[in-house]
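Taking the form predicted alone, here's one chain by itself in structure tokens.
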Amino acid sequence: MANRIVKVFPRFERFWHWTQMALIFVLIFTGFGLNGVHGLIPFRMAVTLHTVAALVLLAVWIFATFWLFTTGTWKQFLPKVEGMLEVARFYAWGVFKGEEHPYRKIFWRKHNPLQAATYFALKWMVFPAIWGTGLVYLAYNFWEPLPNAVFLLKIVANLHLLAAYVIVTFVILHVYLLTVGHGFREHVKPMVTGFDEIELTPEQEAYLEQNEPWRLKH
């Protein structure tokens, strides 16, 4: 295995990441305002911004999902049990003792087992939950005549809020983990430039040199 600087994050993936980040922060800010945590913007404006940001993010996620499956990148998010306990132990204990990260990135596996499991849960459980409840909430005028509609609306709202707090927790942990190990700048840089240091087998290195030389930084 050889360590090489490889372009592992294509342009669309970086665009998707930073657009998603900006829209999620808008949703968190306006969501806190709608729930009375702050009064920095008027309620009506918060509703409008929250709704528009949510719909734009939904559109981005639809395109991103299409891209993931057409490019085969979805395989990066399949969780693996192997190595997960070692990574969890590192974040809970080893990082505070200056230990080396137990996971080494490889060409077709840029996410460590804990990252892959987290992203898998977010994409297939938390995100569908928040989108489903949000769309049902927006469509309340259509099902308002149903019996116990107000009670059902409270359930939908609380499920939406629960999913939102799970995402807020993920964002906090995500930002925190960017500060451990090699440091914030080194963790963020690959998602800006697209290039990261990973391990390549001789076969992978030869394939990239021959067929996709633009991926390799010499």
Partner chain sequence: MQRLASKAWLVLGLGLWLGVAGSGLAQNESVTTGAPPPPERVAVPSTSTADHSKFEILQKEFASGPEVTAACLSCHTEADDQVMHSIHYQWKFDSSSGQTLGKSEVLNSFCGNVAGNEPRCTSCHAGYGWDDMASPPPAQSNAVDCLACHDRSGQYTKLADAAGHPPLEPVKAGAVTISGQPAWAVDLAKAAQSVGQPGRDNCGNCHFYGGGGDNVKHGDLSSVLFEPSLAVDVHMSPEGENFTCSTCHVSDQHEWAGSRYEVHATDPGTGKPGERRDVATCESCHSADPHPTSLIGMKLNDHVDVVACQTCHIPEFARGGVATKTVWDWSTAGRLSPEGKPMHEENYVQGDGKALHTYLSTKGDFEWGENVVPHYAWFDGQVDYTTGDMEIDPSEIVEVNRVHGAREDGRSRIWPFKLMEGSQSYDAGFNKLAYAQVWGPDTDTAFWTNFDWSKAIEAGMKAAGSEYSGEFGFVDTHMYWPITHMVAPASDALDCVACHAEDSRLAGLAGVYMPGTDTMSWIGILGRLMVLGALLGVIGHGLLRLVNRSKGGSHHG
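Numbering follows the first chain given and starts at 1. All of these numbers come straight from a predicted model, not from anything done at the bench.
In what follows, reference is made to the form predicted in complex with the partner chain, a form of this protein that is not presented.
> With the partner chain left out of view, choose which of V192, V56, L161, I62 has a non-hydrogen atom within 4.5 angstroms of it in the predicted complex.
By the 4.5 Å heavy-atom cutoff, the listed residue in contact is L161.
> Would you say all of I24, Y119 and Q204 touch the partner chain in the predicted complex, counting a heavy atom within 4.5 Å as a touch?
Not a single residue of the candidate spot has a heavy atom within 4.5 Å of the partner chain in the predicted complex.
> To test your reading of this chain, name the stretch in 122 to 130, 77 to 85, 109 to 117, 95 to 103 whose heavy atoms come within 4.5 Å of the partner chain in the predicted complex.
Of the options, only 95 to 103 has residues within 4.5 Å of the partner.
> Even though the partner chain is not shown here, does F69 get within 4.5 Å of it in the predicted complex, heavy atoms only?
Answer no; every heavy atom of F69 is more than 4.5 Å from the partner chain in the predicted complex.
> In the predicted complex, does I172 have a heavy atom within 4.5 Å of the partner chain?
It does: once the partner chain is placed as it appears in the predicted complex, I172 has a heavy atom within 4.5 Å of it.
> Under a 4.5 Å heavy atom criterion, is L153 part of the interface with the partner chain in the predicted complex?
Flag for L153 set to yes.
> Is R185 near the partner chain? Define near as a heavy atom within 4.5 Å, in the predicted complex.
It does not: once the partner chain is placed as it appears in the predicted complex, R185 has no heavy atom within 4.5 Å of it.
> Would you mind checking 34 to 66 for residues with a heavy atom within 4.5 Å of the partner chain in the predicted complex?
Sequence-ordered list: L34, N35, G36, V37, F43, R44, V47, T48, T51, V52.
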